[in-house]
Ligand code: AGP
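Given as structure tokens, the chain that follows is alone and in the form predicted on its own.
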């Protein structure tokens, strides 16, 4: 959560920072701010206007000095302190000569703040961040330069952070450091850029360097130096990003979410590309695990959050069916606090769109501590999780700017089912011809998704009929259950409606007490071996006055007959059906949100990447 951008060089730093902040708003939009090094010293402006904070900041920046070669900016998702201009970043020290931005949480900020106040510092915000600015101030007062002052100050800090600082007396320098929260440096001939996420750099450079935990970067125009927090020099490892600016912009769509929903066929096709070697073996992206170690795994843990958790639930069905390996799915924020039972024969799979989700990172570290082999599914090359894992499978969905996951979610399911087939191949639990047949069916998914997307007008009509309803229950059985959870999550995220997901058979164990006329029940009822039982569950809620919406396989007239509204989808192998079935539920949530007048790209209180526990 929160976004950082910085620039130093020959170009207008303010223009670069404001442009980067606009691309980073999906990381948090409670407030935004910018600080520049000018001939007069530090110039700063901040705005706390919710989803229009960056737009307001652009207006405020019209009064900025003409010369601005170095600057930092921040868009905030509030943790400590209300989302006000006074709590917005950048924060200054007592002298007003230093400005600092920060993502993450300083866990010992209360004790640090008390000590700083006792030593005469004046804190002007409610944030945990401001204490770091004053710690650096003290080190500079003791004679250190900005880089060494930051290094010294961080020795007193506990918690997760990515931060950047500038100082009036070193006008071409930005110093930055990270622990857990991501930071990326962009390299150009005459300028050096800093960001918390790659989209902020697109259009300026494709040359990037990713900082690792406990590294400190010194950025000057066209140059980068990296050291550890202990001061040891670190080699700069540069790579080229294959995303382009066009992929991170709306391209004529009214919002990013509608664009990204319609990009799902390409996301799935690219994730499937070149996954089978000429000899028939399945290929992951980066594997530092031997086939033998994967073959010897006797248990799988999948750990994730949010939509990624729902993708992981789908994968559990596939792994257990195709490999006969017992598989557990855990919410990452709970995993390491419940004493999980795993060892060197456990395969732990972490799933995260960004590869920077702090709960999932910590869960993966806990799994490694117990000796487990770690595999990661991520959409971002060289993310923190990818670098720490024993193996990686990238989803290749391209940048996803909308906060609510769409194309990354379906790509994650595809990637995890590839992992399941890889394990089945290594363990010999499926014959080669069946694996080939399943791969063939996976290859049909982009076309089936295209056909599903063509039916968006029908979903719009259903949404229009449901507009004004307040209570939604989503039901599913088997692989339909995680689809129901995902459909409910999308509706909550975007439309702020009460939406709950349940296994179809569980509703009568309590929640059915809430069913009454006016309640909407959305049933994921595509054909599978539990279709008849699902029809019984639908009948139970229909008899109590619920309005019934079903997601049904083409031609399934029996299911359509019990519904008030039908969302038709092409039929596919049941274990692959969640990839198709999710699409009309995405459209339904999207359209209900738009009918209510909500910003679908920036749902309230949410951010794209969660980098705080």
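Residue numbers count along the first chain shown, from 1. Remember, predicted model here, so these are calculated numbers, not experimental data.
Keep in mind that the form predicted in complex with ligand AGP is missing from the display, and what follows is about it.
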From 493, 382, 213, 249: within 4.5 Å of ligand AGP in the model of the complex by heavy atoms is 493
Answer option from 129, 192, 357, 271, heavy atom within 4.5 Å of ligand AGP in the model of the complex: 357
Does at least one non-hydrogen atom of residue 162 fall within 4.5 angstroms of ligand AGP in the model of the complex? no
Check residue 306 for me: does it contact ligand AGP in the model of the complex (non-hydrogen atoms, 4.5 angstroms)? yes
Using the partner position in the model of the complex, report whether residue 404 sits within 4.5 Å of ligand AGP, counting heavy atoms only. yes
Check residue 412 for me: does it contact ligand AGP in the model of the complex (non-hydrogen atoms, 4.5 angstroms)? yes
Would you mind picking out the stretch of 465 to 473, 90 to 98, 349 to 357, 204 to 212 that comes within 4.5 angstroms of ligand AGP in the model of the complex, counting non-hydrogen atoms? 349 to 357
